[in-house]
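Just the one chain here, the form predicted alone, laid out as structure tokens.
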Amino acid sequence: MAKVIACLCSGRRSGYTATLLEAALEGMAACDGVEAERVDLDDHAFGPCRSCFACIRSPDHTCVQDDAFGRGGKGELSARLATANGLLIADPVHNWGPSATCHLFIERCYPFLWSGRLSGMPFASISCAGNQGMHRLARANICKWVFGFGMRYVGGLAAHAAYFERARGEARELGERLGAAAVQDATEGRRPMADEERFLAYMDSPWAALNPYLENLTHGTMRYEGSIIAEALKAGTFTKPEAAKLLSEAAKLLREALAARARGDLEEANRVLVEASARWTHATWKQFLEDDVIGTAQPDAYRPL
């Protein structure tokens, strides 16, 4: 039996967002072999990540906090996620973006980043607005967050009260698609998303990694000169030999990724960026985190070379 966790991020248990969640649950119920559970997050006590990094250092990569996401993986939410075959988040738009509850939920999935246990999990979202909208912007933010975990993005519904009846049908259809993906996850086994597959799979999603990642590295210029990597090389910031070597490799690949993007070859740009970003990640970890901040080597599941 495939298990899907359907999380309501709203405190209004029968409002617009909750009604769309119920429609998605109806869609899942139409799929043979799916057991979908509604989880009202307001019923569970959990706070923000404390940046203690215990989940990175521990061999099982679980949280030590005494709440629904902690207790060494035995907290009710972390335990459910660890055994789920799919995840749905239904979220009301707050301040032109995802709600604080939604953001907190994703933040507390942090231990799963290091274990890799959410990589490849089917995921869908509902972002519901009732005023000015910005439901598409909220959906893109959620998509960005789950990209980081390597979840398999089934789809995201950006809905407004102005076309609520149509949205109910779309939510039901989204639930059917998520249910089918969850059954496949349960019967065929979880297939984690390798970095290249992840970057390419999200190219047509509400949030694609290529431009934001390159804008971040280049301070928004889309040019190698003046990028963080070029600046670090020039300043000699990376003093550890292995970190410096990785940084030099990342510099070469960043130039290639930018060139591919400039000529319009976005698939190639994504492929090369995967290699550049992995080396950049390992370089920064070696230089700044391994000894002084976190005190352990980079976990195997996180951005392997």
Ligand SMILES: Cc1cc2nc3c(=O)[nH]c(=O)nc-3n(C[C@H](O)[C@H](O)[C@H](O)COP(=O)(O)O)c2cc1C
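Being a predicted model, the structure only gives us computed values, none of them experimental. Numbering starts at 1 and follows the sequence shown.
Only in words, not in the display: the form predicted in complex with the named molecule, which the text now covers.
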property: Heavy atom distance at most 4.5 Å to the named molecule in the model of the complex, all of Y16, W96 and N131; result: yes
property: In the model of the complex, P92 touching the named molecule (heavy atom, 4.5 Å); result: yes
property: Answer range among 182-190, 132-140, 78-86, 227-235 for contact with the named molecule, defined in the model of the complex as heavy atoms within 4.5 Å; result: 132-140
